[in-house]
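Just the one chain here, laid out as structure tokens, in the form predicted alone.
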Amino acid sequence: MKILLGVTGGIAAYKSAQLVREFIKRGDEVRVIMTSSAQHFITPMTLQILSGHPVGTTLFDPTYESEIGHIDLARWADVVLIAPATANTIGLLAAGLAPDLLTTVLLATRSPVVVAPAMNTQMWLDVRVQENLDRLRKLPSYSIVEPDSGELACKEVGSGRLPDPPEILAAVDRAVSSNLLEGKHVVVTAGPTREAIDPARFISNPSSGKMGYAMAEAAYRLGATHVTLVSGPCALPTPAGVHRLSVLTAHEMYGAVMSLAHEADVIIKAAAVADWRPTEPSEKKRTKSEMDGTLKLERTQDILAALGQKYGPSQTDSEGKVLVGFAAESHDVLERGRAKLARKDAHWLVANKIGGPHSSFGADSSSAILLSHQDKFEPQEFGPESKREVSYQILKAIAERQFS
């Protein structure tokens, strides 16, 4: 992706260096324009070295214009990000004024524009700043990243802090993606569950939760209005724009999902739920001498089957919900995936391989087969790629068929 980063003159301008690094790290190409005020906080040389391209600073720089003119730059970008965006720059954009290189390029571009304001709390709350932001929100190609709350450089505490890079990167990805899930509430389950034997021991599995978290990120990226992630124990940060509910056991996950199902449009069951739990877990840790090597088990609730019985494609009143299941198989992935799709009565099923040197459990990359309950949709293979990209491609394919 080609990203044009506009840096304006606030103390948060120092964070632009980290933004450039994060974009470059994931394979994006970045060019930078700085206002004259921004250069009081960070030097053009820093951003030139990090981006690998000359930094634009003035409108009438013949050397810079000869390499890439401001009109060519406006056409080059897939998306324009202004981070940080000061009250002054926001006012200029709202008024349609172009006194410098950055605002001139912004008037000329037809690419999506993401504005990430950062300023003193009182400036942020000023009615004129908010009116200018409202004007920008009404422009079809503009989106605003709301600032975080916290302690600011001026020692005040309140709104106005530039969000951390993951949130800004998520807003950029959302801006350039199709809004196939706009207006939709997507519920995603992720990670393992833990079924206690005693306070020191439990039954679980090696799921890292990476695929489920990537599916939640993909839902937000595709424009979902609400994304709820029901997560078992995972050491992963919550994706930007996603509301996370943490659970521990299969019973807790079942209760959370079923309580959310009635308001969801899409339910994605990516969690690796434990199939069995001890019938009599001990409240106190057992010593080895107290354990005889046997453990009496009972089945946990089958969440996907319960959802299929209520909202599956064979149900006469499924309320228009879309149910997506996952199958982690060690062999015969396609055949076993098809059988599970029919057995659970889901609309879609994602089948992938576990075990062996290329197991998807815990890995950063994966390959998968997308199956549909409708014969007109042939199985579609994705990967091997990062779970982030595979998840986006899978969910995009589902959304195109369900909501386009």
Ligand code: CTP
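The first residue of the sequence shown is number 1, and the count goes up from there. Please read all numbers here as calculations on a predicted model, not as lab measurements.
Separately, the form predicted in complex with the ligand exists; it is not shown, and the next lines address it.
The ligand is not drawn, but in the predicted bound form it has a heavy atom within 4.5 Å of A271. Residue contact check for K340: one or more of its heavy atoms lie within 4.5 Å of the ligand in the predicted bound form. The ligand in the predicted bound form is not approached by Y213, whose heavy atoms all lie more than 4.5 angstroms from it. Taking non-hydrogen atoms only, S282 never approaches the ligand to within 4.5 angstroms in the predicted bound form. Residues with any non-hydrogen atom within 4.5 angstroms of the ligand in the predicted bound form fall in just one of 166-174, 109-117, 323-331, 233-241: 323-331. Here is the short version: of V187, L222, L304, L93, the single residue with a heavy atom within 4.5 Å of the ligand in the predicted bound form is L304.
The single contact residue among R31, H70, H347, K344, judged by any heavy atom lying within 4.5 Å of the ligand in the predicted bound form, is K344.
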